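Have a look below at one chain only, the form predicted alone, in structure tokens format.
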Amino acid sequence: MDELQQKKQMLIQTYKRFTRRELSPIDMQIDQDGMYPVGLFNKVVATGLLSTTLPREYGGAGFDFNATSDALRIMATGNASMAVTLEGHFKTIEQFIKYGNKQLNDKHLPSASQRIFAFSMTEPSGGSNPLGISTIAKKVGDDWVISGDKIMITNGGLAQVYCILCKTDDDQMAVFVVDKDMPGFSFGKKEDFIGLRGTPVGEVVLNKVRVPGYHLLGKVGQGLEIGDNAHADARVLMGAVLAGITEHALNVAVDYSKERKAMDTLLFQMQVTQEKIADIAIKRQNIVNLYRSAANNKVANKPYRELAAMAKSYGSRAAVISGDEALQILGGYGYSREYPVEHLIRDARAMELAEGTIEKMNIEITNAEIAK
């Protein structure tokens, strides 16, 4: 085993250990409370999980998306909410790495091992559709002054650094980096979603927030490109999370089928149960294959956006169906909050909407195929 593989195995073991000790035991509590318990995020920071993809020059571990996606899949087998919180953080760091200038990165990236970063596109007027973006950035001397309202932001309220998609004076799209402690920045409504209930999703309000010129990510006019890139990176990691959710459902169904009997026959010995377990296992492996293919292409600088869209489109639908099949194996207990299956379905259902709906993914996949 080469040094790179050894380091990846150490990363996977770290995520497994953290998930086993800190997340799995409170998975259902997180869902019921609709938030992370006090002190959990401090443990995430202390374990060094935020720095997984952070370049070594900024104090991070510098892992690529191959290792990172596998690590998030492991985490999602214990709790998908925390895996999605990290996914949002990692995809944002990726945009700094690709588009950030040295002054911007030197200022912000050293803190990314302790502070959550978030990407903010969605608005009340038009979702993440660029035609509906009304947040405005006006040039004032060497600075930019930003005003607008962003909603349904993953890690909104928890994150401390935000990449904000704006329109400039001349209606070009641009992304600016804003710190939550800047004057004029505030948090608004927190969403009460039915799934991924630990992951905070909320509103950020910008009232004439003034940022230095070097807080521009990339160039003016690159806003849509950066946003699309953030979506693609997120979908790779979301595929991994969906594989983890599906594996969680599979584990629950298998364990239950080995203990529960119908008359004198254990459930796993019955053909109807075997068909469901096999179907969940196949779906799990298909999702793994898709997100790994996308991650491999990203690392190799090959086209990966279509594969990322496939991982999210197929993965989200497959995870919902797998949760439903696991629920059917458990019968009445599957429909009970005593078991986690019902919240796994709700968690997976969120992924059919986040970072682009299934319908949007299928359009992108079709367009990619037509263009070949």
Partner chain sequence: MKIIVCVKQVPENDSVKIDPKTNDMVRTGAQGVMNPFDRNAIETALELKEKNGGQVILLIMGPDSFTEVLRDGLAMGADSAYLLSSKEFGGADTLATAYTLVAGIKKIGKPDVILFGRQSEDADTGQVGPIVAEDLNIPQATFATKVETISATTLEVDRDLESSIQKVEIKLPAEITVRSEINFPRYETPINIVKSFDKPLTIWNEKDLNVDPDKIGKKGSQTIVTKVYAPKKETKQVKFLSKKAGDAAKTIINELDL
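Bear in mind the structure is a predicted one, so any value in this text is a computation, not a measurement. Numbering follows the first chain given and starts at 1.
Keep in mind the form predicted together with its partner chain is missing from the figure; the text below concerns it.
- Contact check for Thr14: a heavy atom falls within 4.5 Å of its partner chain in the model of the complex.
- Although the partner is absent from this view, Arg56 contacts its partner chain in the model of the complex, with a non-hydrogen atom inside 4.5 angstroms.
- Of the heavy atoms in Tyr314, none are within 4.5 Å of its partner chain in the model of the complex.
- Contact annotation for Thr47: at least one heavy atom lies within 4.5 Å of its partner chain in the model of the complex.
- Only one listed stretch (323-331, 31-39, 302-310, 61-69) carries heavy atoms within 4.5 Å of its partner chain in the model of the complex, and that stretch is 61-69.
- Looking at 18-41, the residues that come within 4.5 Å of its partner chain in the model of the complex, counting any heavy atom, are Phe18, Arg21, Glu22.
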